[in-house]
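Form predicted alone, single chain, as structure tokens, below.
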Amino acid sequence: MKRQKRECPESSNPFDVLSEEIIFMVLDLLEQNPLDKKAFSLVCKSFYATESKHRKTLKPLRQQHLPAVLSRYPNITHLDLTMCSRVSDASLSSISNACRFNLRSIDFSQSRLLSCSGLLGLAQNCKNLVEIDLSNGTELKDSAMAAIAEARNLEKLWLARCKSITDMGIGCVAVGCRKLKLLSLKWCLGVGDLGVGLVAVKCKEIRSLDLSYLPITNKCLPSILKLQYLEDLVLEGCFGIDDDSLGVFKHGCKSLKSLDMSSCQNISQSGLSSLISGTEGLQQLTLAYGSPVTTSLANGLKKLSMLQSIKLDGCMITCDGLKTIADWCISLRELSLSKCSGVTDEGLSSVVMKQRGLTKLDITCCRKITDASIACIANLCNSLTSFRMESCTLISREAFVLIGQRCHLLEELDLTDNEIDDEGLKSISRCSKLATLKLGICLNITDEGLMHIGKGCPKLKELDLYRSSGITDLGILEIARGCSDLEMINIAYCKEITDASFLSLSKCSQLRTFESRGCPLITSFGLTAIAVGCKQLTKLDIKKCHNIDDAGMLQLAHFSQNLRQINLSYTSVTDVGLLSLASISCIQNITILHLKGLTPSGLAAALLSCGGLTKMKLQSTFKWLLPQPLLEHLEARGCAFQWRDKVLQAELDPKCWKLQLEDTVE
């Protein structure tokens, strides 16, 4: 008997049998590319409705879209407004009304001209708000802080570079926001001992406090160190704190786990010992660009048996100081000696021999170390996941082979400006977990070495080949074939690169940052391939790619809808290309210097079309050619102009450029 086929009614939707929870699980897997969720929501009405309920985070491109977008997405808990250069009171009112019960986090860090009344409405209506980022709000006054103080449940507040805020405003926050656990006041130059002291007295639950570059003295320190939950304290650049002011402290802060005292030039061993006394639980210590690291200073660390990370960048350090650190810090996992003078093979080897569990090591610009140190590191530190050694000029080509043979767990490797060659790259290709590889200004590498990387490092996401002039299309082809998850590549000034490389890289669909300035053989044909294949591209630098013209811009405008930043200087783009580029809704940052085909009228039309523009770098001659009312209108809309008087310079040969750089450093 013939089995009859069961037919569904024409009006039924097969997806209706799926529960909302199952569809939510599917949507959770579509987080990487926002366009995927958009496509999902267009499948059918039920998917459209479900996607609206599922979305918890929102990053609108324009403030004028907020009412409609918030109406569609009623369950938003995190609102990122960094794409909106200006947020009006009307927009803040829409947020307050639409997200009254659900909103927990909002980011204004790139938004300007926020009003007190708008912030007050937000703080009063959104009772569950726990995180606000107002960083870079240079126009914010104490009245704005009084408004923020109404957010009684606030736990995290970022105010970095809010330079007009004073002790009075911070006092309002301290009194109103008693539940604060994180507060960043970096570069709030109007805040002193009084404001910080009030925070310490009123906000007893503070766990993270950033006071970088504040004009504070010893007066507020007693209250800070009494905070029983304080874990992270940043005192970078606090020049008013010295040894005398720290000498009165004997018990320190027992809960402290991370301390940053970078650029505190007036604090020596005695002051440091006073501050960290009683902080046996300290795990991270940063003393970058501070006092010389001698034996006496290192001896002050002997009680910190749980210390896992030390950053001494830019310090003068003695061999005995390094040896003492090796003796006392038995649990060290991270050591940063970037740009430290005085680091030698003897001192570095003494640390490595006793700290074999190191996972992160930075010896950038330690120009006295040789192959002996690298051999010691490679043989003893097999757990390294991050190794930065830019400009270690005394290290020979053979030493890099050891790194690949021994350090198989590496995920980040910075070899910028070193003597590595193809044999070294062949060895490093054994590091199959490598995600970030920097090979800028490595003049001895060629396509042969890069082919090994492409075959052996499939997890590579970032590759820097800046001014590595031996690289051609063949090497890039192997990278594109083997590293399909590549997100960032820099091939600037690799002058043998042609459109063939762009065609190869167009297969890397995850590519977000592409820097190819100074590649004279590139044309709009190659750029079109990138635009079509790399739809997640957000940053593009094609400066000095003279053969790229309007044809390339037309393709970017059509396919690269996520593009936010572009440098078009010295290309052949004209008014037509720039105007087409202005149609990209995400575009925020444009640099255009020395465009011969650009006219004042074409530039004006493009500027008016870029509704979300926040930064524009232009030749200073245009400042007098553009109508003043237009510039005022754009600045009021949130766009900052940078005017440059840069003259056209001839490009140097890579080897001559490197010699000139070395002369400058010396």
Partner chain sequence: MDLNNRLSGNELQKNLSGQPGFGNFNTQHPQKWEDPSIIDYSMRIEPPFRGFNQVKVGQDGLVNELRPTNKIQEWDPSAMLSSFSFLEQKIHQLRDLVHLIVGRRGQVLGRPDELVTQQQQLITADLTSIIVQLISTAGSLLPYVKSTHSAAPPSMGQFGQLGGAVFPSIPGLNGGIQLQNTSGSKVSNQPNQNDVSANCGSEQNHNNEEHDLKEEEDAEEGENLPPGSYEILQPEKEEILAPHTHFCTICGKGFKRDANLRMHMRGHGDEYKTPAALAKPHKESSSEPTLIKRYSCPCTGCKRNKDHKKFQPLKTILCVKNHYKRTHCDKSYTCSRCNTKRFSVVADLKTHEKHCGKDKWLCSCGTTFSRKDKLFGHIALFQGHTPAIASEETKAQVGPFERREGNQVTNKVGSMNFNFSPNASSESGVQNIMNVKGNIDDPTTYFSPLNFDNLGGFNDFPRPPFDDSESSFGFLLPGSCNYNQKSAADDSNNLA
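Numbering follows the first chain given and starts at 1. Model, not experiment: these values are computed from the prediction.
The form predicted in complex with the partner chain exists for this protein as well; it is not shown, and the discussion that follows is about that form.
- Proximity of Asp414 to the partner chain in the predicted complex: non-hydrogen atoms within 4.5 Å are absent; the residue sits far from the partner.
- In the predicted complex, the partner chain sits beyond 4.5 Å of every heavy atom of Gly526.
- Heavy atoms of Ser296 never reach within 4.5 Å of the partner chain in the predicted complex, leaving it off the interface.
- Residue contact check for Lys539: none of its heavy atoms lie within 4.5 Å of the partner chain in the predicted complex.
- Only one segment in the set 80 to 88, 298 to 306, 111 to 119, 483 to 491 has any non-hydrogen atom within 4.5 angstroms of the partner chain in the predicted complex, and it is 111 to 119.
- In terms of contact with the partner chain in the predicted complex, the residue from Gly577, Gly137, Gly195, Gly449 that brings a heavy atom within 4.5 Å is Gly195.
- Think of it this way: in the predicted complex, the partner chain has a heavy atom of just one of Gly424, Gly169, Gly347, Gly552 within 4.5 Å, and the residue is Gly169.
- Of all the residues from 558 to 594, none has a non-hydrogen atom no more than 4.5 Å from the partner chain in the predicted complex.
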